[in-house]
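The chain that follows stands alone, in the form predicted alone, written as structure tokens.
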Amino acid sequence: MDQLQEPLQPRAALAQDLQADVAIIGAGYTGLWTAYYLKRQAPDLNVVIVEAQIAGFGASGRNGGWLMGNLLGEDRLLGKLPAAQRAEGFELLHGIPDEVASVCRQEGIDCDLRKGGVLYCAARYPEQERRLREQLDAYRRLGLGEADYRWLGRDALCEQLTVANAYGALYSPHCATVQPAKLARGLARAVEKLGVRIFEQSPVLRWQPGELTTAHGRVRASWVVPAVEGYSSELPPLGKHQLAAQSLIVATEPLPADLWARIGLSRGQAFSENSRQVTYGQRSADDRLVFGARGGYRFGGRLRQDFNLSADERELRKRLFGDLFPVLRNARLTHAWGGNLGVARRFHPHMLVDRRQQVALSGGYGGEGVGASNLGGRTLAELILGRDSLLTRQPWVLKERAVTSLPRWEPEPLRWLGYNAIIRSFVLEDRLLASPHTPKWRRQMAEGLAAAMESLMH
């Protein structure tokens, strides 16, 4: 990927006790966006961010760069509302990429943002087409029309992206792609210009309402915002409510123009191959293929520290994108990375305010956090400032709720056993459905098992 135009030198660490109006733990997207919108709406607020490493160190700077106008579980959450409220909620979600683009223009943040939409491809077996068409029918029942999601047949898909064995794709314009580390670092500079103080290399040892403590100082504040996502496992009691999982990504060397002419993705589109394995990619601004797939979960929610992917992890992702793009089977991988995500139980993201304790948090995005964190930051700013708005009236906003009221993950070893059983069912399904020689009864059995296991996640 293009190198950042600034040296990755950490900012000064917290070395004294401070008083603030709002203390934010974590300089990832959620913490930075919350600080940004607080200072834009209330410039006199004293906002402090305390970061364990450097801004964007975690999953915010280490992801696949999809800036989605979606929220995990949006169909379940918005589907319960009257039609007018549902339409407002979808409009709010779909507007996320444009909102981020507007801030980037205003603040001079160059993060290679391109809004080319997203292609959810049926590219390896016919069951994928059936599932995508069923998903399109579900979107129609929710009131979403051709301007939001439309079916592309094989020929229409090939005008944007050429994949082996294509059946078609579901296309939505409500997605952009970015270079994630550039966005995180640019946003950190933007909030500093607004007067936010960021202290790096300052791991928070413990926090409670009104106070957070590091090895060399503490911050007392009217409001505390623990914006730590996957790193919740290191800050009780958050680890009971957010599970640390990993997503792992590779990037090829820059590919020549003649190869890209054969593949497509000329407008910065995101794409995925619609399996439960969760594969996704984009064409970077410097002409690399960036490709990711579901990572893993470690017993006890232990964080992964080393994201220099193993040979097996690289080869798996190379094989997956090689199946989609046979011309890239010999492409050289030059980069690999990943991040610790924070996944909420029942896979419902949340934006919570406990006004009695004066704690606010947003998280549990589960993969769409580049965009969802912007919505979360905007919403937390409104909640902290005590405002009633379209943002604060959404079904994912939990008002006057304690952190401990969030759904809890099962204790170990149930958590680890459950995760691995679910993933094994997905791998089995994918292997059997990808083979044209698998008999119909085995295909149906594998798909039914995987669907049943997936339902346990909700």
Ligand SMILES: Cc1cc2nc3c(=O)[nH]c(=O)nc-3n(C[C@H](O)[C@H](O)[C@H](O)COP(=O)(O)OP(=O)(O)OC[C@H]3O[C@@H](n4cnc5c(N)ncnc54)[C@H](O)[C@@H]3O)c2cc1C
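The numbering used is simple: start at 1 and walk along the sequence shown. Note that the structure is a prediction, hence the values are computed from the model and not measured.
There is another form of the same protein, the form predicted together with this ligand; it is not shown, and what comes next is about it.
Exactly one of the stretches 73-81, 140-148, 336-344, 122-130 approaches this ligand in the predicted complex with heavy atoms within 4.5 Å, and it is 336-344. A residue is said to contact a partner when one of its heavy atoms sits within 4.5 Å of a partner heavy atom; A181 fails this definition for this ligand in the predicted complex, lying far away.
Among residues of the shown chain, F57 is one whose heavy atoms approach this ligand to within 4.5 Å in the predicted complex.
Though the partner is left out of this view, W66 does reach within 4.5 Å of this ligand in the predicted complex, counting heavy atoms only.
For the chain shown alone, A27 is a contact residue for this ligand in the predicted complex, at least one non-hydrogen atom being within 4.5 angstroms. For the residues G210, G95, P203, G217, the 4.5 Å heavy atom test against this ligand in the predicted complex is passed only by P203. For the options G186, G301, G377, G371, the residue carrying a heavy atom within 4.5 angstroms of this ligand in the predicted complex is G371.
If you take 344-369 and check each residue for a heavy atom within 4.5 Å of this ligand in the predicted complex, you get Y365, G366, G367, E368, G369, in sequence order.
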